[in-house]
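Read on for two forms of one protein chain; each stands alone as structure tokens, with the labels structure 1 and structure 2.
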Structure 1
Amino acid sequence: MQGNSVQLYEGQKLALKYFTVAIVLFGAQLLFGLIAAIQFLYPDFLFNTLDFSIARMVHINALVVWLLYAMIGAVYWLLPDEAGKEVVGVKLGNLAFYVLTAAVAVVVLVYLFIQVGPGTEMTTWLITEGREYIEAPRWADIGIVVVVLIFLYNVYATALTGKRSGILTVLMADLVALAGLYLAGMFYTDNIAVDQYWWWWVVHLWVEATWEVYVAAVGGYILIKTLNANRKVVEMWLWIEVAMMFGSGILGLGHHYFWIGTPEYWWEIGALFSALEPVPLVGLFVHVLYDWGKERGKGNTIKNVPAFAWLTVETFGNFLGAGVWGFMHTLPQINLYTHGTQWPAAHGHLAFFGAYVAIMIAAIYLAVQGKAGLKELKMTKAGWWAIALITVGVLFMTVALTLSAYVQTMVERGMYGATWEGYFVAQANQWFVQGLGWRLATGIMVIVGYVFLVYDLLTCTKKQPVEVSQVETAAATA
């Protein structure tokens, strides 16, 4: 990230380090996703060198880890700004960053060069715990807990001794829940059903509740910075989001309650409330945009066009991916047939991109502007190519996966009754294969968009219009 030298809080400099690693890991996620997409069509590709199970594992874990890096970075960026003071314990925060980054590098190298081991305690401690999405070995698990405790200390110690905004108050409560839920995934038992039970709480309450509240808080902060949004309006919607979490987040979990002995009415409750999860964020965005529109032409310009554009993608991508695609897939009458097909992949790709990826890129653009000390940040051509290729690529990828999933569901589940024969017949169906082919093509489109994104993050501050530089020069000399 390039730009003019400006005075930043030490906490914000730490945020830039987190953002830099996050962008690198984002590239790793896309690369290993591309490898897995190729292996779906050509199973011999990298066979016995980098098997599909490893490529998929690195793809998914890189997604989770780079989002956590970006989330921590976004908090370190807004924390001193909201609290009006330097982050407490920033040296400890820097130490935690380097320890975490070294640990992530070691874990990835083990995944690539050792890959698997015998089903013993040593494998659990040194290679992988085998829990989907959070497959880090036990030693890394403990290290992550230590790093998160340092992060929580810095957030609380700073917020409690500085100005306490509504955004910080919501974040303080949410981050405790987000960090605490990770502990549930560290219970290891020999009973796979019990083990999966604890793992399940981590994954689902993370994304269905705590991450949704987190993005609402960060999204509100970005709206204040980009559109000069009324803080009272932002914080009102934040508290609505917190209230909704108990309905849309926790009750929404009911759509996962298959075959665990709960009454069937939980399925409908879960399906309805999980579809409501994106509603508060859409309400916040539309309310702020309406207010901004009334003030347009009175000097209230968009202060960071790339960040606002990515936030727009986040708002409606979240609505489509988590809301519409989630509702289509998680209705119990449908999920009975679609569970374990490409439907969850279609829903998951758009939901994660819409709800979390886009807003983290918006937060990074905010940091790029702050680092360069620009009053405004306009969109460059590379920035437009990045957002267009990545967004359209993910949308088309979702449609392609949905088409494959439709064929898979009809043939494997509907015609053959979920038998092994049905599984293989569906896998060979030409429409299924063509859908995966389009998924590969759109994956390449997303990677090209990623290249534009990295280039834009490195150069966009140098390509700003003259009038923006003049505004900054005037401000600097005033």
Structure 2
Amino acid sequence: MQGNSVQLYEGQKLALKYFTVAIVLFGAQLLFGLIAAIQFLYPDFLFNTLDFSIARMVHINALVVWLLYAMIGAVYWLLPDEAGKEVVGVKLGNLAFYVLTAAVAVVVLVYLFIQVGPGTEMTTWLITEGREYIEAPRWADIGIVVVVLIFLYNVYATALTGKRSGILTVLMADLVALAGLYLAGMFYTDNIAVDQYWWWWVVHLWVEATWEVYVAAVGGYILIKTLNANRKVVEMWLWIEVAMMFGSGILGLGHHYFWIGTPEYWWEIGALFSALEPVPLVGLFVHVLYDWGKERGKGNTIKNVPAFAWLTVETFGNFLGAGVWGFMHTLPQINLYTHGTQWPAAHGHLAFFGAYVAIMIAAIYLAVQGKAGLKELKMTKAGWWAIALITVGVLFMTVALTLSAYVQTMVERGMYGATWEGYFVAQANQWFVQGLGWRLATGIMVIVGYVFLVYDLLTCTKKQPVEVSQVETAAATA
């Protein structure tokens, strides 16, 4: 790093582009989540203009897409650094970035202004596939596959010709699985049980297997960068976590196969393997705190306080949200009553935030530091407000949704046997409504935190202590 005239790899400049779009889409996710949360309490809000289905679709699609942008960005950021050479095919990578961004813009405009189509194949090709999380029309699916293939080519070509670290080896294996799984969601069948069977290959095997392994690899890189953690130790843990995550996550798929028309043996498989799923998350958690204590003992300072703080949120959030909240309703005996209620919503909010959002923000802070060429990045006041408001907001939101979920399960499933009457009685219960009220309030809290976050990402490098910059300049001139 050369002081203020920083030399970034071209791959890292491309990463900054991906991160910028990611943060914008993160804002869109929160905005449409807010609209959906308001509609739960005031159903006439934007009725017939932007109905709940559309608000919610944009909310969840923006989440998935911004996380993918941030994931690609983080790989482009660490790839030249780890490989010790420029990314191969950066021009192609840039082209892919613009193609992807244009496609995302078109898809969002179609979602917002055309919304739905007639019940024909043409709608699934041009407007929406209407399948939760992967609603994107098929033309966009094919485009995404092309863009991902370019990305994979760049990663492989760079890693194979440069230094191939353990972190890169894990990423190479993981990214090819992640890309391949998307193909499982790209077909149409009249058989809804088969449809959902393969749909879970995309959704579960991404979120509970390949994304988790991705996070472990990037988390290892962040530990090395922020704490000077011993690479050999980090990579050993990384392999242990890969074994545990794939060992539990791949067959943990079974916990989605209880009630969609699948054979009963998935009950036992799903219960056993999803019970194991929290185990690697504890490992990740212990690992971060252990490294922190060990490295601090040597008198090392944290090189990037915001990134490390977000990594700590990630380990807590991942364990609580994915591990604890997931396990709460994963056994078939419980899931029979909680499936399709607010339980998955409570679990989903904390799990996505804890497992993926927090670490992606950490990666973005690393890039902010790298771009400014600072040796150390301290936490600013705005940075603290951002992390506090967003984290506490999501935690409380999860508790609020859990309250609603509890009432819904008792009334709709327990008392009324899952009839529509039971559904509406539960939705009107004052405790249920109060939970949704708190969800809205905490949602606003998260949005305020997001504003602080954007402000901090844009300004934090200018607010670093003077001596750090001086040391930096001195080192650069020396």
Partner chain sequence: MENKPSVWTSNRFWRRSATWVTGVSAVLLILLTVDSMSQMQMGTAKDIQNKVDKRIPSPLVINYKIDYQLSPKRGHEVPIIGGMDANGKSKYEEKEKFFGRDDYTEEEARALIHKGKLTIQAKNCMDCHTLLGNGAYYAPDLTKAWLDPAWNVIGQGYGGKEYAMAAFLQNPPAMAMHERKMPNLGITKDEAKAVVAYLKFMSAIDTNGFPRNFGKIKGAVNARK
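These numbers come from a predicted model, not from an experiment. By convention here, residues take numbers in order along the sequence of structure 1, the first being 1. Think of the rigid core as the biggest set of C-alphas that the two forms share within 1.5 Å after superposition.
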{"property": "Structure number of the form predicted together with the partner chain", "result": "2"}
{"property": "Core-superposed C-alpha of residue 166 shifting 2 Å or more between structures 1 and 2", "result": "no"}
{"property": "Yes/no, residue 317 Cα shift of 2 Å or more between structures 1 and 2 with rigid core fixed", "result": "no"}
{"property": "Displaced residue check between structures 1 and 2: residue 268, CA, 2 Å or over, core reference", "result": "yes"}
{"property": "Shift in Å of the C-alpha at residue 193 between structures 1 and 2 after core superposition", "result": "2.3"}
{"property": "Once the two forms are fitted on their core, CA shift of residue 278 between structures 1 and 2 in Å", "result": "4.7"}
